Each structure stands twice: as structure tokens, then as C-alpha cells.
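Heads up, the chain below is alone and in the form predicted alone; it's given as C-alpha cells.
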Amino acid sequence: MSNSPAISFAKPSTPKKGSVVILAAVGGALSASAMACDPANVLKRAFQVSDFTGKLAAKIDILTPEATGYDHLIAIGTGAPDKLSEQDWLKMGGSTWAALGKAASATVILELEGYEVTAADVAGFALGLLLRAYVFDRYKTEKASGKTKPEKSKAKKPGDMRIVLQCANPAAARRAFADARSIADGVCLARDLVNEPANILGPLEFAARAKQLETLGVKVEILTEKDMTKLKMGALLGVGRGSSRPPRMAVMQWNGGKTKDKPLAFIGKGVVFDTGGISMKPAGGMEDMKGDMGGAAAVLGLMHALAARKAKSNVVGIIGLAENMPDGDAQRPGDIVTSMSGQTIEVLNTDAEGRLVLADALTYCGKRFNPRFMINLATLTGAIMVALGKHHAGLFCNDDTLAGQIFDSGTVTAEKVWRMPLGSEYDKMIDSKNADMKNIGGRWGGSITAAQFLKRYVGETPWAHLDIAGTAMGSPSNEINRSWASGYGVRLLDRLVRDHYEA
């Protein structure tokens, strides 16, 4: 993760300078180390005046007596320590970053009276710091100054910050943080990809980003138009026909498990920009369609996280990359294409293109790798936002055990999912008179009929479809993210692998 704060670990001691952050439990209870940072007992008085009660992730920043030498003395609320969850530690880390503002250095004393702060707690706090510190500003060269000649921005960057986390066992925290850092890098990679403008990130450039995972030991193959033509991927190729930028498919393999173990497979929709094709979208909000590759971004970020932390599993990541544009060679409503599976598809709406990309990616994955399961992620339908808003992704699954594991992982990481129905009644809605199926099912149940479409390409393999249209981009801001792109799915699926599928 580039331009992130430098984090180190140390035993508790009274800091001498810089910004100091302490934890305050419900009621404002402080540890002995925290009280040692406040010899004039300023915090207690500040708590009373401001009605600070130690509520989770609440913060108070006070002026400190000159004798202390501190720039700031900040208290972060923890709520009731015995009720703290893994996600709560991330929230406190994110809240701390927000409270530090433009500070150059900070010491955070991670102690709570009557509660043992573990290495995992410290690592979670650090992960929250890193995720909240993320900014996408690579194209900002100047700031508005009101002067005739703009000045270069002098705003402090996250990489300028030095943060020391004081805790009971720095060595254990440092080891735990190595995994957390890998996850943060994967999330921020996914955010970067979704935030990138489409003129910068086309199918070729996206494939090149996937190729960079080879430095972590991931085997990466890039299938070209010629390769996909030989494989008869008519569904995916049809989506890219209208673009001057040719489609690609990236196939990533991380072999961290036993040789005999079947791989876990993650498949992502990578439509780098979606105009809707001939079935053109309205102009309002179309600029957000640079994020229509959020599923592929999540898969790439996940593969980075798993490889960086050397996950003990065999994992395959496949992303179908195309741009949906409306030129003279673009596919038309009413066209019939043949997918790699041999099934034919009547394309009634060229804006229902993501499922065409995934159809060939799922078929390829199943035939080549015979995986233990397949999970695909896609910013697939606006209908899922009508049903669930922007706080849950839609989960469609043909296997109850896998569905339960994903749901539990979403609960722990707060990347939440809600299971939606599948069924023969919905499946009939995509039957076509002119082909094996059509790519839309009508006005009602749009996210469900999209899932039913994908289900026709997975066979008997345990499979889940995550519709992340509401959660991958433009989702509500929270303590650990202020970016338009959230990186949704990386922490969720890393946790799934960690808890259920590592040797």
C-alpha cells in the first residue's frame, strides 16, 4: 500500500512529544499508562464538560498543558471493553486516524483497565488506521488557492505520518500486523482499480495489473482475443465488440495448499466501462460506470492479500475484462451468441452484459480447474440496490453450507450479505423462444433472474454469486472508508478462506 502511514510497535512508556492517543472505556475509565500522560488531570475535566462517555469510536481532542510537550492529547472511546468485536477495533483505528488530522507523529497507547488487549486487537486497530488513511489523489496536481497562479498542494500525505502503537506484546502484534498489512494492501488495490478513470484503466491495463501479482508468487496467464476465440467464448467476446480496446481474461493461480487439494475459485466481472452498448444508458451518472469492474477489482485485491500473507490454500482467480461501447460493430439487441458452454443466448438488452462476461468465465473455470467451489462477484444489477440498499450485497447460492460460511464471514468483517432466492419459477423467466435463454427476464426480480442466468453455467459445482452493485462503489462512508470505492469483498472472502479453507 503506497503512501500509507509508517506503523511500528513498542512497549508502553510515557511519550515525550507528538500527538498522544489513549483509550477511554465506557464512563471515561482510563488505564494507568493513559493517566500518566495526563498529570494535570485535564482529561477527566474535559470528559465532564463535553459529555464524553467513552462511546465506541467517539473522540475528544484537548489542549494539553505546555509542560507535557505534546501536540495533542486525544481520547478514543471503546464502549464496554468486554463487548468489543473484531470490527470495533477497526473502527477505533479509523477514528484515531481521523482525529490525528495533519499530525506528523503519534503515539497510541493500546491499554484498557481490566481488559487484556491482544495482538489480534492491536493488528485490527492498525488495519483500521490503514484503511481510513487511504486517499485516491494521484491526479490532483494543484489546489485551488484563490490566487492568480495556483500553488502546489502542501497538504500532509498519509505517508508522512509516523505512528507508534504501544502494547503489551509488541513482537506478537508485529507478527499479527503482517497479515493485516497484506489485507489492507489488497483492499486498497481494489479501491485503486475502481477509482481509476476508464481512459487510464482499459482491459489491457487491467490485465497488466494482474500480471504484477507474479512478484508475490502468483502464476498469471492472460488470455487474448485470439485465445478466447479458440475457446469459443462468444458471450464475453460479444460484449467487447463495440470497443477499440480488445477484451482480455486474466487467470491467476496461488498454490499455497497441498498439491492434491482442489482449488477455491473466485471469478470477477471486469467491465472497465459500461455505456450500455446499443441499449445506451442515460447520461446522468454514467461516469460511475468506470466502477463496473468492482467484482474483478475485488478478486485481484483478494489474490494479492492471499498471496502476500501466504495463505495455505490453492486458489484460482479469474477476471473477464471488456469494455461495453456502441460503435458500428457492437452487438445489437436481438443478436444470438454462443457461449463457451455451447448454450446460446438471445441478447435482448446489451446493457445486461456482465452476466455474458461471467458466463464464459464460469464455464472456463469449471472445465479447466474443477474447483471446490466457485464464487463470482459483480456489480451486476441496480435491482439489488432497490431490494437491499447499499449496506448489504446480494447473495445467491446453490449450496447451504457455502452460503452460511459467506454470511458468517460477512457478519464478522461487516462486509454484509443477505441471501436472496433462486428457483425454477424465476429460471423460466429467462427462457427464450429463439435461443436457449435470453439475457434479461423482464421488469420484476431483475437481480434474481440475473443470478438464475449465471446458475446455468456452474453445473453441480457449489457456487455463490455476490451482487455488489450497491457496496463496491458509492456506498455509505464509515469509520474505515471515505473513498468512493470501498474495496468490498476482499476482507469478506479473505476471512472465508482463513476460517474454513486453510490447511
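Counting begins at 1, following the sequence as shown. Keep in mind the model is a prediction, meaning the values are calculated, not measured.
Missing here is the form predicted together with a small molecule; even so, the following discussion is about that form.
When contacts are defined as a non-hydrogen atom within 4.5 Å, all of M289, A352 and M473 contact the small molecule in the predicted bound form. Only one of 396-404, 171-179, 377-385, 301-309 lies within 4.5 Å of the small molecule in the predicted bound form by heavy atoms, and it is 377-385. Interface membership of A464, defined by any non-hydrogen atom within 4.5 Å of the small molecule in the predicted bound form, is ruled out.
Not displayed here, the small molecule is approached by K281 to within 4.5 Å at the level of heavy atoms in the predicted bound form. Proximity of A469 to the small molecule in the predicted bound form falls within the 4.5 Å heavy atom cutoff. Residue contact check for R248: none of its heavy atoms lie within 4.5 Å of the small molecule in the predicted bound form. Shown without its partner, this chain lists A34, I448, L454, I440 as candidates; in the predicted bound form, only I440 has a non-hydrogen atom within 4.5 angstroms of the small molecule. Distance criterion of 4.5 Å from any heavy atom to the small molecule in the predicted bound form singles out D274 from the list D185, D121, D192, D274.
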